[in-house]
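Take a look at this one chain, the form predicted alone, written out in structure tokens.
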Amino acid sequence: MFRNNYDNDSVTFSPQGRIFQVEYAAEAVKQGSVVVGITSKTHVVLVAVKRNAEELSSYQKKLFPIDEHVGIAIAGLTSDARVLSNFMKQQSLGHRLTYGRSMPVRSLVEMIGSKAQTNTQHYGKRPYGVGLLVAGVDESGPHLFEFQPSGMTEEMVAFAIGARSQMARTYLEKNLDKFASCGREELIAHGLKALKESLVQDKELTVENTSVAVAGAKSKDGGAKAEPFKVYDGQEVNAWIESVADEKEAAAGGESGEGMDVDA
């Protein structure tokens, strides 16, 4: 009723125990374009739909490398994402210079969680209006973490954030049992299919609006080498998009042919 009395800063609770500025930041994440992350036993994949503000503008980047073994996908305010990504790069570089090895993904995620949660404790600060999917590989294998503006972080097998992400999550839930055994190409295909579920009817995945990022872990038997985190844009993603489109057309053709009599 008197919301304006309780949303002027992030340290004032409403009578219902809510912090409205944290909820506003979470709403900013829901307004961002959708990003999807999936892990298997060997790889972690991020896929994202990029937006452009108008026809004459370029598409906004959604995937950013942090270190050679980890990167992020963003949904929400890009300016806030830039602050967090710079912080993560500094921490990763400092850890590498100090210890001579890459930083564990969980430790990095816990650091940005603590940094974001601090903004909900001190007067004059505000929550970061961005959600992240942090994907990377370390000695324990591939990992995918979700970061929320409240500072909460969780490890996920597969997840999606952003506008209309519930439809992508529904696809991920239906196919959850398949992901663990998927190879690199299969995992990317599942990510793109989940992304397509979240698109509005008149929109399609194209080389201009789609980004893919992949990182792979070193196999225990030494058969496969570790694959550094790499972002693919433009024509690099064309083959993946076409393969998903071909599968959809083949499935549609199979359904239309059911029940039809064909003369020999």
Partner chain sequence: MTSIGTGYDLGNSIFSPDGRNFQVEYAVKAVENGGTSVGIRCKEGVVLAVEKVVASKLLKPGANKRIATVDRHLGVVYSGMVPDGRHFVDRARDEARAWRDTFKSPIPTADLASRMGGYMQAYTLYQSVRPFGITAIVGGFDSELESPVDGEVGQGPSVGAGGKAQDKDYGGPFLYMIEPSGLYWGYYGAATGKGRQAAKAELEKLDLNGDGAASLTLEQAVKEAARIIYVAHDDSKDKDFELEMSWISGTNGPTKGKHQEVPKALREEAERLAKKSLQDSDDEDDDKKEDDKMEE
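Numbering follows the first chain given and starts at 1. Because the structure is predicted, anything quoted here is derived from the model rather than measured.
Missing here is the form predicted together with the partner chain; even so, the following discussion is about that form.
- Within 4.5 Å of the partner chain in the predicted bound form, a heavy atom is found for every one of Tyr6, His143 and Arg169.
- Within 4.5 Å of some heavy atom of the partner chain in the predicted bound form lies at least one heavy atom of Ala158.
- Residue contact check for Ser14: one or more of its heavy atoms lie within 4.5 Å of the partner chain in the predicted bound form.
- Contact annotation: Gln21 falls outside 4.5 Å of the partner chain in the predicted bound form, judged by heavy atom distances.
- Under a 4.5 angstroms non-hydrogen atom cutoff, the partner chain in the predicted bound form lacks Gln90 among its neighbouring residues.
- With the partner left out here, the partner chain still marks one of 149-157, 127-135, 184-192, 75-83 in the predicted bound form; by a 4.5 Å heavy atom cut-off that stretch is 149-157.
- In the predicted bound form, the partner chain lies within 4.5 angstroms of at least one heavy atom of each of the following residues of 104-123: Arg106, Ser114, Gln117, Thr120, Gln121, His122, Tyr123, in sequence order.
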